[in-house]
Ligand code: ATP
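Taking the form predicted alone, here's one chain by itself in structure tokens.
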């Protein structure tokens, strides 16, 4: 069997077997154990061990240190990167995000430092047994999100855990245990100390998942919604409408631009841009979200759009998402789907090749006709191309004639 036929689990198992052969304890940990017990495919596999980073390097000479402070090594096996971390306990958290220092310790200490009980499970793939020091398996079976230990302490250590708790509850359809929910409510304002980039990473996973509407409801119930970003204050009516739009989006993972546009489309394009900036989104994502918010009123009244304007909308990368946004808004507000169906049918009737066809005339053509380079050339080219998109002209001869007429005027 060649390396390419091994999956990430095989790679992690290989690492565990090799560490055990060298006299160490090595286990699968965290999310991969949780997901396997839920019959979900893990995104990745993390290994924890009593071997120190120096010892891991000796066992795997090509291992790379990716978290020196936390004892995390990256081992490349069968084409997969496997994180191998040393059992540890955490020191104080003074920045609300990371421990100031860690101490290498035992598997029990490692389990008890983690965020939620369902993430504190270990699995020995050699003996095929679950190792549970935090009652995580019972919470997993009961569908409960519960912190390991005191909720206030867990959330005070790392404020981002509050968003993670909401994400897990929404994604798995679990309930947040009352004391844990109360801990989130009490410390929700601390979320504002977390960088906007990290907040968006969690929020994106909440909003793009099929369970996005439940996730949004939990953000409202826990009070986290009001602290996602300082320049993004909540508005009750808007937030309730947002839930309904999110619920109406397709029951599958969706793009970040569609999910966020569904959240902010009740605002002006300028306000939507402000939200994007306060979340520190990439320029590409911000432009896509603002374009969708700006274009939504136009597709609502597609009958008033010239063919050229309609084609220019269709030419945008975010066009399919704009259609889904229109559909979601109509369903969310209890409006019939006639506007969506008209837009969809009109788009389907336009051949792909005619959406953004090559221009019938170019700037060189106009220069050959005696026109000097300058702004006027651009204006004429735009007018001729618009006529082409509107199918008022259909060949080079007609385009030249129109250009000459515009030059003369």
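Numbering follows the first chain given and starts at 1. Just so it is clear, the model here is predicted, and its values are computed rather than measured.
There is another form of the same protein, the form predicted in complex with adenosine-5'-triphosphate (ATP); it is not shown, and what comes next is about it.
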Can you pick out, from 80, 300, 277, 164, the residue that has a heavy atom within 4.5 Å of adenosine-5'-triphosphate (ATP) in the predicted complex? 164
Looking at 257, 311, 327, 113, which has any heavy atom no more than 4.5 Å from adenosine-5'-triphosphate (ATP) in the predicted complex? 113
For this chain shown on its own, do 35, 46 and 168 all sit within 4.5 Å of adenosine-5'-triphosphate (ATP) in the predicted complex, going by heavy atoms? yes
Work out which of the listed stretches, 59-67, 359-367, 23-31, 376-384, brings a heavy atom within 4.5 angstroms of adenosine-5'-triphosphate (ATP) in the predicted complex. 23-31
Partner proximity in the predicted complex: residue 109 to adenosine-5'-triphosphate (ATP), non-hydrogen atom cutoff 4.5 Å: no
Can you check whether residue 318 is within 4.5 Å of adenosine-5'-triphosphate (ATP) in the predicted complex, heavy atom basis? no
Should residue 119 be counted as a contact of adenosine-5'-triphosphate (ATP) in the predicted complex, where contact means heavy atoms within 4.5 Å? yes
Decide whether residue 209 counts as a contact residue for adenosine-5'-triphosphate (ATP) in the predicted complex under a heavy atom distance cut-off of 4.5 Å. no
